[in-house]
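Before any questions on binding or motion, here is one chain by itself as C-alpha cells, the form predicted on its own.
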Amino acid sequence: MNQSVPMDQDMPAEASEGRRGRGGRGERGGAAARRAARSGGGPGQQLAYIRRARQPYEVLDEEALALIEANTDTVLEEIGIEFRDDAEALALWKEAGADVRGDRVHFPKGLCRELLKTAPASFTQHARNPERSVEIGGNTTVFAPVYGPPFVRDLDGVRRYATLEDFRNLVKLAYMAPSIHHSGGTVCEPVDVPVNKRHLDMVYAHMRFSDKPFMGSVTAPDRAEDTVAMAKILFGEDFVDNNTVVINLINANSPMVFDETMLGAAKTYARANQACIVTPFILAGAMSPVTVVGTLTQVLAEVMAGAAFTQLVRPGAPVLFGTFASSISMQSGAPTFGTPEPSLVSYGAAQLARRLGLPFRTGGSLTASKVADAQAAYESANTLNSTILAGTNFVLHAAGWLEGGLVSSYEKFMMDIDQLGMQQRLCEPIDMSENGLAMDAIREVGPGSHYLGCAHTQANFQTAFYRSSIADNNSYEQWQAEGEKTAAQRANQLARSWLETYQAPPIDEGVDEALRDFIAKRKESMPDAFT
C-alpha cells in the first residue's frame, strides 16, 4: 500500500503579488529558526543558490587541454556529427558553412567555436516566486532533484512503477527542501498517465506545488511547445519572450548522434529563448572510449555541435555544457558509479566548459545500489564531492537517485538533501571577521582549560557546526531507547512528516484556472497513447 500523501488540488489558492506569486508559507522564527540554521534550514526555509568561495579543482594543464581541443576539431571536421532525420537542422548547418553529407555534418575548424561566442556565460532562470530565481554560470551552483526514473521505492519500501501521485510528492519534497534550489523536471515517470499527456500533468505539478524554477518536457517537439505555452500563461507572454523561465535536457545519442526528438525540442526551446543543457550520455567503454582523454574529446565534440546548433536557431539563447559520464563493469556491462575515472572526466569537462565560456552541468548523488545503504552512500558521496569540486553550475540528480537512475527513492531523497546542505556550508567563505578569528576565546580560555563554557562558544554554539537532520550522534543507550533506527528509517520518518505538513505556495487563481483550462483542452484534443 502506498502511504504517500494525496495531492491537495482543491486547496484554496491565496492572492499573490503579480503574476509570479510569493514565496511559500510556514516561515519560522526564534529558537526554531536558529535550530534550522545549524542543520541547513528546515522545511520551507529556502537556502539561496550557492556562490562558491572555492576555486575549482583542475586535473588538466594547458598542454593537455589544447591537445583535447585540437583532437576535437579533428573529430568535428573529419568524422562529423549526425543530425538525424531533421531537414531543417541540416539546412541550417549547410547555410552556416558546414559540409553536410546525408545526415552527417562535418564542421570546418573554428565554426562551432565562433557560433558559441553568442551564448551567454551565465543567465538567470526566473521562478514564479522571484526570491527563488537562480543564476546559472560563473561561480554559482544550483541543486536539482533526480531526473527520469520509471520506478520509485516508496515509503513502504516497495519498488514499483511510479505514479502521478509520486511525482507530485517528490515535487513537494523538493519544494520544502532548503538545499534544493530547483524543482527539476521528470523527478519520476508517472506511468499511470498516458505517455502523450503526462507531460502536461508533470509541468503543472512543478508550477502549482512549487514556486522554484523547473524544467520542461523534451520527449516530443509538441510537448516542448506545450511547456512554453504553459510558461507564458504562468509568467506572461512578454516576460517569457525576454527572459529564461524554463531549462531543459537535450541528450546526445552518444556516440556522436543527435536524433529528431532531441533536435525538435532544442529548436523549440532555443527559439523561445529558453535554456538547453546539451549533454552527451556516456557510459565509457560502450558509448565512448575507455580512456579519460578519449571520452573528453568525444564529449567536447558532441557538446560543441549541439550547443552551436542552438545558436544557429537563435543567437544568444542560453545553453549549458553538460556531461553525464559513467564507467561500466567490464565483466557485466552494467554502469558503475562513484569510481575515479568518471570523476576525472567531470573535472576535465568543467575545465573545457570554462574555456568555451559556457555554464557547466554534471554529476549529482549517483549510485548503482538498489537501496539506500552503504554502497549508495559511498558512491553518491564520491560523485557529489567531485561535482562540487569541479565547479559545476547546474547539478541534476542531486537527490533521490537509486539503481543507476532507474529508481527515485523517497528515503534516498531525504538523505541526499542532508548531504547537499553540508556541501552548501562547505562552499561558503571562511569567516575572517573578528568573531571568526576567535582571539577573545583563545585569550579567555588560555592553556589547560576548555572552550565549552567560554563566552565565544556560548555565542556561537547554535550555528557553529552543521547539524545533520538524518545522522544519529547520540549514545548507544539513547539510540536503543529511541528504537535503534537506521539512517534510512529516520529519513523515512522525516519524509512522512514533511508530506503531512506540506502547504502549497500561493498562486494567482486566474493563472491557475487558465493553466487547468489549457491542460484540459490539450488532453481533449488527442486520444490516449501509452507508447
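Quick note: we count residues from 1 along the sequence shown, nothing fancier. Every value quoted in this text rests on a predicted model; they were computed, and no experiment measured them.
This next part talks about the form predicted together with another copy of the chain, which is not shown.
Shown without its partner, this chain lists S133, T163, N196, T339 as candidates; in the predicted complex, only T339 has a non-hydrogen atom within 4.5 angstroms of another copy of the chain. For the candidate set S327, Q274, T186, Q311, a heavy atom within 4.5 Å of another copy of the chain in the predicted complex is found for exactly one residue, namely S327. Residues of just one listed stretch (236 to 244, 117 to 125, 79 to 87, 311 to 319) have heavy atoms within 4.5 Å of another copy of the chain in the predicted complex: 79 to 87.
Within 4.5 Å of any heavy atom of another copy of the chain in the predicted complex lies no heavy atom of R355. Among heavy atoms of K267, none comes within 4.5 Å of another copy of the chain in the predicted complex.
Remark: G294 counts among the residues lining another copy of the chain in the predicted complex, judged by a heavy atom distance of 4.5 Å or less. Among heavy atoms of T227, none comes within 4.5 Å of another copy of the chain in the predicted complex. Across the proposed site, V59, T74 and N382 without exception bring a heavy atom within 4.5 Å of another copy of the chain in the predicted complex.
Shown here without another copy of the chain, the chain has T486, A487, R490 in 480 to 505 lying with a heavy atom within 4.5 Å of that partner in the predicted complex.
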